[in-house]
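Read on for two forms of one protein chain; each stands alone as structure tokens, with the labels structure 1 and structure 2.
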Structure 1
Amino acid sequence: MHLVVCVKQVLDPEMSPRDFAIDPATKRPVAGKAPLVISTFDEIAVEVALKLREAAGSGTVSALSLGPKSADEVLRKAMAMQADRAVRIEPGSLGEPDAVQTASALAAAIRERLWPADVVFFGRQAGDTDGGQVGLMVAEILGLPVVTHAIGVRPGEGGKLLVERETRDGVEVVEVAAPVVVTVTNAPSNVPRIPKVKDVMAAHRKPIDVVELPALPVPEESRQSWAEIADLFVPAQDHRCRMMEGDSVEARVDALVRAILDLKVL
């Protein structure tokens, strides 16, 4: 069984809004002191893939990322968690790719370097753009079915897979034949493992297969951006917090009750 997990390196989503700034020239966030990390849901996707490999008894987990040299760190993180191998697509002069450019590059690399694959895993959305698009688009490009909001995958009968997924009403189990794209969401059952120190060290010695984006067979029109960020801005705070005042807790609570009722939403 071959499982591919696509992982993205993002600006730490936990960074405080106070430290967040946008470079007016490039319309991109200023990295500043914020660390670059593996996108939250992608890390969970690695965990779900590893659990499937364990349940299947054998198999290979390949981590794939589109990003500059620094993205090696998220691939090493996946390998420290026990992914078997890693491929990085070097974007070169591409700059900040949009969802279509990203999906096209990933799909081409999967086809060229990582096929055949049984499952291609993604996080449900990236920790920076929150778009939730790339996994769905890769499925379209590769012509694969998709199961979204998965919390776990296990082998089923006749070579099929059973995907447990979150729905608005609870949980459902979906039977699907490989190959398939699975996008992953968080659940208590798939909290990412913390790598052992020796595995972290070992991951740093493992090779990362680097593919140059221009060398990949991506259709010309998908090398262009289909949806560009024309403007990026920090939303204006339209209200200052009104603090409840009064001599006693009772008085402050009464002030809050009046203020809540004045909102006229109850």
Structure 2
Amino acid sequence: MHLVVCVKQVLDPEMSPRDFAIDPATKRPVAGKAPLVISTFDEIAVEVALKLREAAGSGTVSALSLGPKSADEVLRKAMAMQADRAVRIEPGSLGEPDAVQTASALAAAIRERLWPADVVFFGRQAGDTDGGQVGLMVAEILGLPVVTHAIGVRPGEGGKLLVERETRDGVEVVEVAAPVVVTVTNAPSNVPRIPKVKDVMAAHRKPIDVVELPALPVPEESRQSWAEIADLFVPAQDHRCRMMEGDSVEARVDALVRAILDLKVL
């Protein structure tokens, strides 16, 4: 069984809001001193893939990322968690890719370097854009079925897979034949494992297969940007304090209620 997990490097979502800034020229967040980490739901996807490999008794887990040299760190995080190998797509001069460019590059790399694959895992959405598009696009490009909001996958009968997915009413189990794309969401059953120190050290000694984006068979129209960010800014917060006045508690409460009604909060 070959399981591919696509992971993205993002700014640490736990960073202090005071350290978060946006470059008005590029309309992109400024990295600054904030650490770069693996996207939260992608890390959970790695955990779900590892649990499936354990349940199957054997298999290979490959981590795949599109990003510059710094993205090696999220791939090493996946290998420290016990992924077997890692592939990074070097974007070169691509800049900040949109969802179409990212999905096209990942799909091409999966075809060229990681096929055949039984399951291609994604986090349900990226930790920076919250887009939730790339996994679905890769499924469309590869011509594969997709199961969304999975919380776990286990082997079924006849070589099929049983995917537990979160729904509005609870959890449903979907039986699906491989190959398939699965997007993963969080649940108490799939909390990412904490790598052991020896595994972290071993991950830094493992090689990472690097493929240049121009060498991949990406259609020319998918190499161009399909999205334009019109604006991106940090909302200004307006803090005001107003004291309710009155000769008694009842009068101050009445004044407070009128003020709330005037603000249309209730």
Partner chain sequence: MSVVAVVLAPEGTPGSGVDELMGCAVEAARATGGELLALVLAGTERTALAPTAERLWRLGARRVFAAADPALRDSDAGALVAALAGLVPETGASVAVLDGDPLGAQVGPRLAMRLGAASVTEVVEVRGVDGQILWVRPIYGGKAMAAVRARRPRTVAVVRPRVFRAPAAMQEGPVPADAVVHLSLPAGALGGARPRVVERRAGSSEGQKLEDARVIVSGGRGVGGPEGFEALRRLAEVLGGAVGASRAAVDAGWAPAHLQIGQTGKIVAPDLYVAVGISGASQHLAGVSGARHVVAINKDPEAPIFRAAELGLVEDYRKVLPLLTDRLAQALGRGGDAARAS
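Remember, it's a predicted structure, so these values are computed and weren't measured experimentally. What we label the rigid core is the largest C-alpha set whose atoms superpose within 1.5 Å from one form to the other. Quick note, the numbers are simply positions in structure 1, starting from 1.
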| item | value |
| --- | --- |
| Structure identified as the form predicted alone | 2 |
| Is_shifted L11 between structure 1 and structure 2 (CA, 2 Å cut-off, rigid core) | no |
| Per-residue CA shift, G246 (Å; core superposed between structure 1 and structure 2) | 9.6 |
| Per-residue CA shift, A259 (Å; core superposed between structure 1 and structure 2) | 5.1 |
